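The chain below stands alone and is given as structure tokens, in the form predicted alone.
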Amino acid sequence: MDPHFTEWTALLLRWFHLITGAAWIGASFYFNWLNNHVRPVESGDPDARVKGEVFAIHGGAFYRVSKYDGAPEVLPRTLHWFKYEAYFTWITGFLLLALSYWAASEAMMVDGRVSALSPMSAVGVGVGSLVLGWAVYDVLCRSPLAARPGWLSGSLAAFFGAACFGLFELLAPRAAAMHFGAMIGTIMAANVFFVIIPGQRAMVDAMVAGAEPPLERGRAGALRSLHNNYLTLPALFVMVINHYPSVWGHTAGWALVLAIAAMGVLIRHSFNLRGVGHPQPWTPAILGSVGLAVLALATQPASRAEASAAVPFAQVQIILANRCLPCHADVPIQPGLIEAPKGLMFHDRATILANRGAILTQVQSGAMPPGNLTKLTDEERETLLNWAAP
């Protein structure tokens, strides 16, 4: 595939993915806020089915939103559905995953230090994580555990933990982290497509037919909507983790990804508690923030100051020339590249020294060289780490 076409396609897909993702998550945040701020009717609404309302001001206008207990007596002519944000977020994310990882599986998904998977096998693991991830989650939600929220939450936490660990045992760390996030996004979008929207459609159809709405469909949709609510911050976290190899490239990368996702769940829980008027709504957020700070401090790499001073710069230049310049050059010779990644070129001493920290992070995490295509040896990697470490 032409590298220029691939780069522009990835750019446009990522842009669309971020736009639709912001719309989806924003709508989720808004409706959860709306539901938590509904108060008893103060305006004397004659419709007894209206059980609460919200008044708001935005953009110089006042708004009144009413919440019905069930459905209105007469279905309005125009009923707005919120679903396409979820669908297009998933579609663009899926295409971006296929283009950036599956189509470049040798470089992006395979790491001989992790497992001996072939590129095609790695793609199979990636596809399977999306399909099996949704299947296992859906089975758990349809099981008797659904009637016991504590047991269901514990089972889902164990499932997500096992899935993350398994991906990191099979795929290159960056690919493992991104596929874990893709699995979360797939579950969220599938909740909308297979459960939430069909349930809402069934309730509307029952109303049109003059029948009682299927309340069990509504309860199932409410459960999945609640899960999507708690998965929003972990999903957003994984959307940006691609740029931070200090997390997924850590020796315990799978545990770090899970821990930070759990901190996101705690912070999201604080917003939910605040919405229902809990007396101490920020306690989980404080715990989550403290947890993030502890993780950042606990994963600080040990100093190699003495070893750094002992590595001749000329030796570093030789390694970079052999293992990094195929990509990081004015005219890259690595197939699939039309310019140096991030515009970073290692031609002169000043540029190399100025990017010492970036070299440390990328080499330490194993992110570079991607798929170790240029065959950087363990001894060379150690030399670079000793030189670049503070």
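Residue positions are given as counts along the sequence shown, with the first one as 1. All values derive from a computational prediction rather than experimental measurement.
Same protein, other form: the form predicted in complex with a small molecule, not shown, and the subject of what follows.
- Mapping the unseen interface onto this chain, Q362 counts among the residues with a heavy atom inside 4.5 Å of the small molecule in the predicted complex.
- Taking the partner from the other structure, the small molecule in the predicted complex has a heavy atom within 4.5 Å of a heavy atom of P341.
- Contact check for V54: no non-hydrogen atom falls within 4.5 Å of the small molecule in the predicted complex.
- At the 4.5 Å threshold, heavy atoms of A358 reach the small molecule in the predicted complex.
- Remark: of stretches 63-71, 46-54, 321-329, 30-38, the one touching the small molecule in the predicted complex is 321-329 (heavy atom within 4.5 Å).
- Taken together, V125, F160 and P173 are entirely out of contact with the small molecule in the predicted complex: none brings a heavy atom within 4.5 Å.
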